[in-house]
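Read the single chain below, which is given as structure tokens and is the form predicted alone.
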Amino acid sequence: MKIGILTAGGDCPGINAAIRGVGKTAISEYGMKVYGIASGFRGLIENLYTELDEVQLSGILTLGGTILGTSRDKPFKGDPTVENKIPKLIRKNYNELGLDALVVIGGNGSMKTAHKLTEEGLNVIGIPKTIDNDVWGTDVSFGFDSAVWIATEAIDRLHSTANSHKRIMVIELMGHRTGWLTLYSGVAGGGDVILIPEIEYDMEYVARYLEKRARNKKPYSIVVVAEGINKPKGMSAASFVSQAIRDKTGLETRETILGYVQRGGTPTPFDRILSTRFGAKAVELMVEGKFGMMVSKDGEHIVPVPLSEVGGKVKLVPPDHSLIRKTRKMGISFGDKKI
């Protein structure tokens, strides 16, 4: 078999480990030819590819980013007259390269595109990656654990500054429309207030909670907010929350936006292992002829999930998530209850 691999959407730790997992399994176990498609779906459009061998796949397990490069090109989005041409061009290039299958490593949007490519006649297997953990159909996506570690370390460092200056520190984390990263990092980092998109918050409740902490001689507070919370247009989540706290309480408040630091660097051991397992399973599915699937973590097992069920769906944090229920009992505020 001849297979292609591409990485699409935002980068995150663990992508290279997944490329390695696919490539080494395909070459060592099954004698396949493996082609790396450059710059995401653009590489399929412009015929940007190179054959990968074991030498090129060695030493990349711990590397952040992606050796193939990525882009946010969406082949099925835009002018309908162009939309009809690009999928046909992708199919033509796929066939001319002689590919038997294509592995798409990406997030929600990429899995949606992967499904549409299966409808164009391509044999596709999807591998979910994102720091947001919002890909539907899998317990967790690789990249999430690494981002939680990075964000948690940042919150840990804010504790010492907040305590030294007796301030409220507001830190904004990524997550697009979901609060998985903020929830897990906020709990792991000892946040006092955690605001996520899935739970409607009230700044009056947040202000009263922080004032109560101050009255109870708590010298500082940490407020962890997701970038996707409801806020005025044109303002960052951190700026809005920080300003609202100052206005309503008079307490000294500072904000930090962690930004793209969350997506960079070496993957954690958990993400390296998960990426490797995903990659190896993707090759097994190709050998079995099970295309149109995304590999998924279900408990301790790696299983296939139809791409048709994944594309276009977002995995949100349930408001009654067990971690939320337990941390509420510890006195952590989610900004939705009077104090």
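All residue numbers refer to positions in the sequence shown, first residue = 1. Computed from a predicted model, the values in this text were never measured in an experiment.
Not pictured, yet referred to below: the form predicted in complex with a small molecule.
- With the small molecule omitted here, the record of contacts in the predicted complex names 127 to 135 of 127 to 135, 151 to 159, 192 to 200, 218 to 226, defined by a heavy atom within 4.5 Å.
- Think of it this way: in the predicted complex, the small molecule has a heavy atom of just one of Arg254, Lys116, Arg263, Arg213 within 4.5 Å, and the residue is Arg263.
- Contact with the small molecule in the predicted complex, judged by any heavy atom within 4.5 Å, is made by just one of Gly143, Gly175, Gly186, Gly106: Gly175.
- When the small molecule is considered in the predicted complex, Arg72 lines it closely, a heavy atom lying within 4.5 Å.
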